[in-house]
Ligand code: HEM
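First comes one chain, alone, set out as C-alpha cells in the form predicted alone.
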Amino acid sequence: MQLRNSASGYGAISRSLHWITVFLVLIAWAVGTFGDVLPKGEARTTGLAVHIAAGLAVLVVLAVRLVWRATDPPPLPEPTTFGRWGDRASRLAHYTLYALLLLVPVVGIAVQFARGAPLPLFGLADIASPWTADRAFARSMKEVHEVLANALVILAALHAAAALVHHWILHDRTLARMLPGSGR
C-alpha cells in the first residue's frame, strides 16, 4: 500500500481523507436535514451535537487535506476527450467543493453563536458565543447554512456522477484510482 500519491494514482492517505470527508459530510447533512423529525428533548439535542461534531470534523479533515495536498500533489488528471475544457471544469468543481467544505461549517458556527449558544468541541470543551443572541440573524444565517449545505451535497453528487461517467462511459481510471484498494 502506497501512502503518498504517485504520478498515476492517489495514495492511501489522500484516498482516506477523501472518503472520511464524504462520510462526515453525509452524516452532517443527513442529521441537519432530518434532525427536526427527532423527538424534542434528549434525542434532538444529541442530533444537534452529532451535527456540530461532524461539521467541526469536516473543518479538521479539510485542514489536514489542504496541508497534505500542499506536500503531496495529486496525480495528473486522466486524459479524456474533453481536453483542457474538461480539466478546467474539473478544477473549478474541486475548488468549489473545497470552498463549500470550509464555508458550510463556518456559517454553521455563526448560526450557533448567533443563537447565543456555546460551540461544543467534541464534548471536550465549549467556546462561548462572542455575540448576544439575535434570533433574526440566527434564522438568516441558518438559511444561508442550509443553502450552502445543499449546494455542497448537490455538487458532491455531480462530482460522483462525473466519476461514474469517467468509469462507465469514458473507460478511464479517474474513479478507480480513488477507490480503496485500487492498484497502481
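All values derive from a computational prediction rather than experimental measurement. Residues carry their position along the shown sequence, with the first being 1.
Note that the form predicted in complex with protoporphyrin IX containing FE (HEM) isn't included here; everything after this is about it.
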May I ask whether His18, Ile109 and Lys142 all come within 4.5 angstroms of protoporphyrin IX containing FE (HEM) in the model of the complex, judged by heavy atoms? yes
Taking 4.5 angstroms as the cut-off for heavy atoms, does Phe82 touch protoporphyrin IX containing FE (HEM) in the model of the complex? no
Distance check, Ala12 to protoporphyrin IX containing FE (HEM) in the model of the complex, heavy atom within 4.5 Å: no
is_contact(Arg88, protoporphyrin IX containing FE (HEM)) in the model of the complex, heavy atom dist at most 4.5 Å: no
Proximity of Trp68 to protoporphyrin IX containing FE (HEM) in the model of the complex, heavy atoms at 4.5 Å: no
Residues of stretch 93 to 121 in contact with protoporphyrin IX containing FE (HEM) in the model of the complex (4.5 Å, non-hydrogen atom): His94, Leu97, Tyr98, Leu101, Val104, Pro105, Gly108, Ile109, Val111, Gln112, Arg115, Leu119
